[in-house]
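Below you'll find only one chain, the form predicted on its own, shown as structure tokens.
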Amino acid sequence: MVPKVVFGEGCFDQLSTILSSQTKEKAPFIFLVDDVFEGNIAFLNRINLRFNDKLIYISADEEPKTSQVDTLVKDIKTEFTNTPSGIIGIGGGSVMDLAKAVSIMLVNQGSAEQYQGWDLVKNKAVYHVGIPTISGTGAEVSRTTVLTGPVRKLGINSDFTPFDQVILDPDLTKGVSKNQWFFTGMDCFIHCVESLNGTFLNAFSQSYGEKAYDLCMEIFLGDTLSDDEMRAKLMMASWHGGMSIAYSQVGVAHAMSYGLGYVLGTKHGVGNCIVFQFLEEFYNKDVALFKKMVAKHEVEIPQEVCKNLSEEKMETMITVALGMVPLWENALGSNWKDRINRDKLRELYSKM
């Protein structure tokens, strides 16, 4: 679990105080910041860089890659003799995943692609802090950092992956576009659906999943919340949804979304929505609710993204999805191969 968290409007301004206790002599803090904040002087001044601290802007236009992690680690090691005092990720799920991965790879040998999988990390990560500026992914609390590698899209799943400190300031999510707000929010909703309907469900994950699910219903189908209340509650839904899957697992939508992301570069939240609309067979009630949310907020889900795919790309997409074994086991049990095979996935992808 994340050992320390602060929450509340304006709590981002506690960052300097929080970091002061972690400062090591001649060792900088490295800030990975969503490039949407580039040029926002008022915001950047609140970060309060000191001495040899370094700020690196990160584009969230593409999903994070193992090669991107390797480049960041190489650049940091080249510029600084000492291991950084800490890595701070400020942004959406992609930026936070990069922050987690960089903090791991600074003290573990080889390439990030070697650690895609479960419990492969040997050395404790550098101190790292997550500060979400978009709510829904659960990246701020999860024990995985999802990366696209040369042969697969898969997270570094490890007890060393979670942040040491998280700062949850709902004010930082002001200005998020409607589509981003919806797609990342649906990532949270689908986390809850897949956790609550999974075979790995336990009392711990259920308690978090049910709370996040109820918050999503209030946010996306209710009409009584102010903008401030909506921002705060979605931030809490993201946290609780991430906690739920941390102690269980996701399912069909995420497994298939990884295939879309690897082959087509589809953003994670969008990919989940593309897939989820065709999963009545697995999550009938919740797919119906999802479609109500889409209609209520007048969001367009991309259609026919798999139309005219080459046979090679379709086969790769299927292979990536089938490789997500723990997700299928959670969704359908140990005998999941009785229901899911290459033909079944081809049938589902062809609808998209």
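Residue positions are given as counts along the sequence shown, with the first one as 1. Computed from a prediction, not measured in an experiment: that's the story for all the values here.
Another form, the form predicted in complex with a further copy of the same chain, is not on view; read the next lines as being about it.
Residues F12, N82 and I88 are none of them found to lie within 4.5 Å of a further copy of the same chain in the model of the complex, as judged by heavy atom distances. None of 264 to 272, 119 to 127, 211 to 219, 132 to 140 except one has non-hydrogen atoms within 4.5 angstroms of a further copy of the same chain in the model of the complex; the exception is 211 to 219.
Within 4.5 Å of any heavy atom of a further copy of the same chain in the model of the complex lies no heavy atom of Q109. Interface residue remark: K351 is not counted as part of the site for a further copy of the same chain in the model of the complex, having no heavy atom within 4.5 Å.
Heavy atoms of F278 never reach within 4.5 Å of a further copy of the same chain in the model of the complex, leaving it off the interface. Contact check for S177: every heavy atom lies farther than 4.5 Å from a further copy of the same chain in the model of the complex. Scanning S226, T78, T71, N202 against a further copy of the same chain in the model of the complex with a 4.5 Å heavy atom cut-off leaves one residue, N202. In the model of the complex, a further copy of the same chain lies beyond 4.5 angstroms of every heavy atom of every residue of 317 to 344.
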